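Let's start with one chain on its own, the form predicted on its own, as C-alpha cells.
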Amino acid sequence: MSSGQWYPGSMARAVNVLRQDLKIIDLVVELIDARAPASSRNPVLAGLIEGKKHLLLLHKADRAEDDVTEGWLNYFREQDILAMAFSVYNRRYLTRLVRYLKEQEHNLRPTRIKRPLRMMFVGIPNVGKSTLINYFVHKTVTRTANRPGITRGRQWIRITPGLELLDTPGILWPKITEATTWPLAVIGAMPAGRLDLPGIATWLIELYLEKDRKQELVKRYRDLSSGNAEEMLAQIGESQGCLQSAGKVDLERAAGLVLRDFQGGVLGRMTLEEPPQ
C-alpha cells in the first residue's frame, strides 16, 4: 500500500467549520485510539486546538495492553498534555471522566454571562466519539457504527444544565504516510474501499508473530501450522470457510474477518505502537 495525498472535500470543509467553532468552545476533549496513539492523533487537530483547555483520551484502552498504555500516558504527560486512559465500557474510566468534566464545569464556566460550559469532542473517524456521546445522554442522539464517517453534520447536545457538547465529524489529514496507514487501517479508521485488506491483515499477523503472540491467533482460528504471515492468512481463510467457487481461498474475506476480530477485541489486547523512548 502506498502513501500519498488523499483528502475528500467533505473533510476539508469540516476543518474550516471546526476552526470557526473552536472560537466559542471552552473545553476540547480529543479522542485517540489507545491501540495506535501516534497514528490516530491528527496533527491538524493538534494545531487547531492549541491554546484551548484540552483533555486527551486514549479511548478503547480495554483493548490495548495496559503497560504500553501507561507508557503512552507518561509520554504525553512529559509533553504537558493532560491524558487519561479511557473506555466507554469501563465504569472506573467513566467515573473519572465525569468527575473531571464536573470540575471543569465549575472552573471554566463563564461567570459574566449565564450560559453553559461549551465542550467539543474531536478526533479521527471511528475513534468512538459518538459512542461516548450516547453514553452521556443515555439515549441514541447520534448515529454510531463500526466504520468511519458515520457522523455527518454538527449538533449541539445538552449534557447537563451547565454543560453543552458540540459533536463534530471525524477528520483525517491531507497526507498520510505508509507507516501511519497500516495502524489506521487495522483499527478501522480509513474507508475499506481504499485499502489492500490482505496486505493489512498480513501486517497485523506479522505483528502478533513478532510479539510472540501466535497463541492468541491459534485460540481463535484453531489449526495454524508454522509459516509466515501470508501463509497463515490463507490457513485462516481455509479454516473459516472463506472460499471461492473453485475452492480457492478468498483472501479478501479472510482479511476482513481477521480485521473485524481485532477491532472487536476477539484477538486479545494488542497495542500496535510503542511510545517513543
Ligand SMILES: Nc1nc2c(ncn2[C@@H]2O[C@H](COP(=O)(O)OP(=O)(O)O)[C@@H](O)[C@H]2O)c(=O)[nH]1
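One rule holds for the numbers: they count along the sequence shown, beginning at 1. For clarity, every value in this text was computed on a predicted model and none was experimentally measured.
Beyond what is shown, the protein has a form predicted in complex with this ligand; the following relates to that form.
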{"property": "Heavy atom of Tyr135 within 4.5 Å of this ligand in the model of the complex", "result": "no"}
{"property": "This ligand contact in the model of the complex: Asp26, any heavy atom under 4.5 Å", "result": "no"}
{"property": "Touches this ligand in the model of the complex: Val127 (any heavy atom, 4.5 Å)", "result": "yes"}
{"property": "Contact test in the model of the complex: Thr131 vs this ligand, heavy atoms, 4.5 Å", "result": "yes"}
{"property": "Listed residue (Glu216, Asp250, Glu230, Asp62) with a non-hydrogen atom within 4.5 angstroms of this ligand in the model of the complex", "result": "Asp62"}
{"property": "Stretch from 196-204, 118-126, 95-103, 71-79 whose residues place a heavy atom within 4.5 Å of this ligand in the model of the complex", "result": "118-126"}
{"property": "Within 4.5 Å of this ligand in the model of the complex: residues from 64-88 (heavy atom criterion)", "result": "Ser87, Val88"}
